[in-house]
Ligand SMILES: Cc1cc2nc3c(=O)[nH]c(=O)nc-3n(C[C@H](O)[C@H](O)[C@H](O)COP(=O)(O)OP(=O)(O)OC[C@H]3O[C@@H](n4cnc5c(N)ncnc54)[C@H](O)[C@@H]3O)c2cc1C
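First, one chain by itself in structure tokens, the form predicted alone.
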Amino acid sequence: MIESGGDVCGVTIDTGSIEADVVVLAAGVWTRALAATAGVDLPIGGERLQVMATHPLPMQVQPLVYGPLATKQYSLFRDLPSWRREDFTVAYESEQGIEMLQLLAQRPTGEILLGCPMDYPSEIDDRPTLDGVAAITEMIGQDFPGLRSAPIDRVWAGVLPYTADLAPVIDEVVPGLVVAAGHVFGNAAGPVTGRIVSQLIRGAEPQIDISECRFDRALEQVGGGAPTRW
């Protein structure tokens, strides 16, 4: 970041410097490290989800299928009076230090996506692990035995940003620097965030109340192995 008198007025990249009236920082899990270059500590962590894909198979998974292990991730299930965590937990999750967001989805190409073991590395890491692969394999063997002989094409991981209260940070965190990051929830947040950011850039009052997303709210630090809940 380029600063002048405490205000952010541009960025430095590999090919030089770019001056700007306002800089927008919306880099997902990498936002925290970039914000630190302007002296801003953003408590945004990274949640790694691993996925295994089969070679194309006959269509058999319609629509997206969630398994019972996924329920503990969602408050709408955990808040039920009859909820018992032990009914939705299996030994390999604790043994391998992951939690299984258990799901299957099949693409139009025929490949089936299998996932998703979740963990919380202390540093941003988007590489799949042997523990993650083992958890997916165990899950398929126990709960979807019809796919035990499915040929595997590839494995990868993605990293979701998140905050302790699960609301993103959308705000001008210091003069000249607007942050929009920490979105752990889905695609609909993108267009809404874009509208809010455009209004913040112009110095206008956002048409949506963003008090729950302001930078100055109380936010605990996240990361380092502690799981979060949606």
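Numbers for residues come from their place in the sequence shown, where the first is 1. None of these values were measured; they are calculated from a predicted model.
The form predicted together with the named molecule is left out here; the points below concern that form.
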Joint contact, A26, V51 and F185 to the named molecule in the model of the complex, by non-hydrogen atom at 4.5 Å: yes
Interface residue in the model of the complex among L160, V90, A105, V155, criterion: non-hydrogen atom within 4.5 angstroms of the named molecule: L160
Contact with the named molecule in the model of the complex, heavy atom within 4.5 Å, among L69, V197, L34, L42 goes to L34
Based on heavy atom distances of 4.5 Å or less, which listed stretch (171-179, 53-61, 200-208, 185-193) is in contact with the named molecule in the model of the complex? 185-193
Contact of I136 with the named molecule in the model of the complex (heavy atom, 4.5 Å): no
Whether I98 contacts the named molecule in the model of the complex should be assessed with a 4.5 Å heavy atom distance threshold; does it? no
Do I140 and the named molecule come within 4.5 Å of each other in the model of the complex, heavy atoms counted? no
Of 58-75, which residues get within 4.5 Å of the named molecule in the model of the complex if you count heavy atoms? none
